[in-house]
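Heads up, the chain below is alone and in the form predicted on its own; it's given as structure tokens.
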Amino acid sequence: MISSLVFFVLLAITSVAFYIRVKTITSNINLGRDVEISDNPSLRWKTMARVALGQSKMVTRPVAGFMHILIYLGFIIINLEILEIILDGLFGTHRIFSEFLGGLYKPFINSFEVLALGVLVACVVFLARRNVLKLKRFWSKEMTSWPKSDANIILIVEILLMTAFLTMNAADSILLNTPPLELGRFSLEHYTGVDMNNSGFVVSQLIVPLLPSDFTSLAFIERACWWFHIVGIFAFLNYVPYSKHFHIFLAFPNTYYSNLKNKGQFNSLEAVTKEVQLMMDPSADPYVNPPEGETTEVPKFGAKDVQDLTWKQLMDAYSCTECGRCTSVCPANQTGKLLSPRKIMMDTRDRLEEFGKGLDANGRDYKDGKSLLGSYISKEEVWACTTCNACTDACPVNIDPLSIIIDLRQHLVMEESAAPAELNNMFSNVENNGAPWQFAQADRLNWANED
């Protein structure tokens, strides 16, 4: 009873803490501008199934993709084993599923052990890629101490959790194969109705020779690993929302709401469209007063801070895996320019976290004198982008860094008139000559008269 009570308290604390963090993230995402994304639901479901569930964009790099799928499957499927542990913890039972599955229980656990071994191998390989091989995209300048540590922490925790799971099974398999009379007082603590056929589980039996033979030590190891495994999972669950690994959850809605239009297609600005329509309508009066009770709000162009972006762009920021695939294919970054699409997403998330905390502490009128553009992302980064969409195409969860860059550019051009000199010359030519070239329309065909 004491054990079940302690477990219940830990489960309650874990659930409440996870709920509070997810609520905070949801509130931060909702700070963005509203945008309607409900078209073509069937294609959206297919996109989510293919990209988020099927990992289709991960396998474009086969080795990393295969290893990631191992970890992904382990995370999804081994959750069934976690469900058994939770039920055992709440009701004081031991391997509660064995009673319902009967002879299928051992193959059931064996499948988890094979996955656990796959997760172990994949995590070791990923640790080696990051810290021994030191792949360039994991050591870019935006990958400071925290982003680098974050990835290593998750991988090490996964290794420890899978090791505890296999060690627990190894100790338990000996106890389950021991007649109740020989177990003595331990027979009350361990379920003895599991048919082990005098053998252990498929992977953990390799650990059995390394374990002590006395039942007291085995019982201690089994219980210690059981508690370490489940408490570690509870801690992992509440670490993930503060980590880049929250994409485990957000990848699904993020791919569902991803952009289905042709890459590079820009949305028309409603305020600009309205101005053009007024210019094209000879009978229109741009100075007419609005109807009584209505106000004419001066439109804002582009984005300067996170609240000027859409909720989908802010969801993109929280969904970023920091894998660096976007930056590794960015032509601007490859030629030594300051731009890194990964940094754009990381900066957006960091600024959103900072701004959200300020709002929570000081109310909706909070101003800190900072902004995404300028305080986090420089003009040089924004103008280095070639708008080629390589970053968007490479992202394994369909994040669109280009849309944020374009919105920041629009603010610079249309709100601050801060375009580079080369673009300002072109704007002047378009305004005066109707074309980007620096000569009048009447002179455009002069080249044809030359000998």
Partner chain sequence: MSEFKVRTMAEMTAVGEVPEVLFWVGCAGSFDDRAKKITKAFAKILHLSGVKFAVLGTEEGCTGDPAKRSGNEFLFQMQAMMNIQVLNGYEVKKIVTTCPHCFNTLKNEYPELGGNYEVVHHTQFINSLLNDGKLSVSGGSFKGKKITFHDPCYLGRANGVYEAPREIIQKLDIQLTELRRCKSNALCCGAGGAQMFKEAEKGNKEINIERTEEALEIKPDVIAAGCPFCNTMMTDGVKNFEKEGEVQVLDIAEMVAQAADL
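Here, rigid core means the biggest group of C-alpha atoms that superpose within 1.5 Å across both forms. What you are looking at is a predicted structure, and each value in this text was computed from that prediction instead of being measured. Residue numbers count along the first chain shown, from 1.
One more form of this protein, predicted together with the partner chain, exists but is not displayed; see below.
Might Ser56 be said to contact the partner chain in the predicted bound form, defining contact as any heavy atom within 4.5 Å?
Contact with the partner chain, no.
Should Tyr19 be classed as touching the partner chain in the predicted bound form when contacts are defined as heavy atoms within 4.5 Å?
Residue-level check for Tyr19: no, no contact with the partner chain.
Would Gly103 show up as a contact with the partner chain in the predicted bound form if we use heavy atoms at 4.5 Å?
Taking the distances in the predicted bound form, the answer for Gly103 is no, it never comes within 4.5 Å of the partner chain.
Would Asn398 show up as a contact with the partner chain in the predicted bound form if we use heavy atoms at 4.5 Å?
Output for Asn398 is no: heavy atoms all beyond 4.5 Å of the partner chain.
Can you check 79-87, 256-264, 361-369, 95-103 and let me know which stretch has heavy atoms within 4.5 Å of the partner chain in the predicted bound form?
Going by heavy atoms within 4.5 Å, the stretch is 256-264.
Which one of Pro107, Gly374, Gly336, Pro212 is close to the partner chain in the predicted bound form, taking close to mean a heavy atom within 4.5 Å?
It is Gly336 that has a heavy atom within 4.5 Å of the partner.
Out of Leu70, Val51, Ala64, Ile406, which one falls within 4.5 Å of the partner chain in the predicted bound form, going by heavy atoms?
After the contact test, the surviving option is Ile406.
Hey, with the partner chain in the predicted bound form, do Asn389, Asp393 and Ala440 all fall inside the 4.5 Å heavy atom range?
Checking in the predicted bound form: Asn389, Asp393 and Ala440 are all within 4.5 Å of the partner chain.
For 410-446: residues with a non-hydrogen atom within 4.5 angstroms of the partner chain in the predicted bound form?
If the 4.5 Å heavy-atom criterion is applied to the partner chain in the predicted bound form, 410-446 yields Gln410, Val413, Met414, Pro420, Glu422, Leu423, Met426, Phe427, Val430, Glu431, Gly434, Ala435, Pro436, Trp437, Phe439, Ala440, Gln441, Ala442, Asp443, Arg444, Leu445.
Cα of Ile20 displaced 2 Å or more between the shown form and the other one, core superposed?
Stays below the 2 Å threshold, so no.
I want to check Leu11: does it shift between the shown form and the other one by 2 Å or more at the Cα, with the core superposed?
No, Leu11 moves less than 2 Å.
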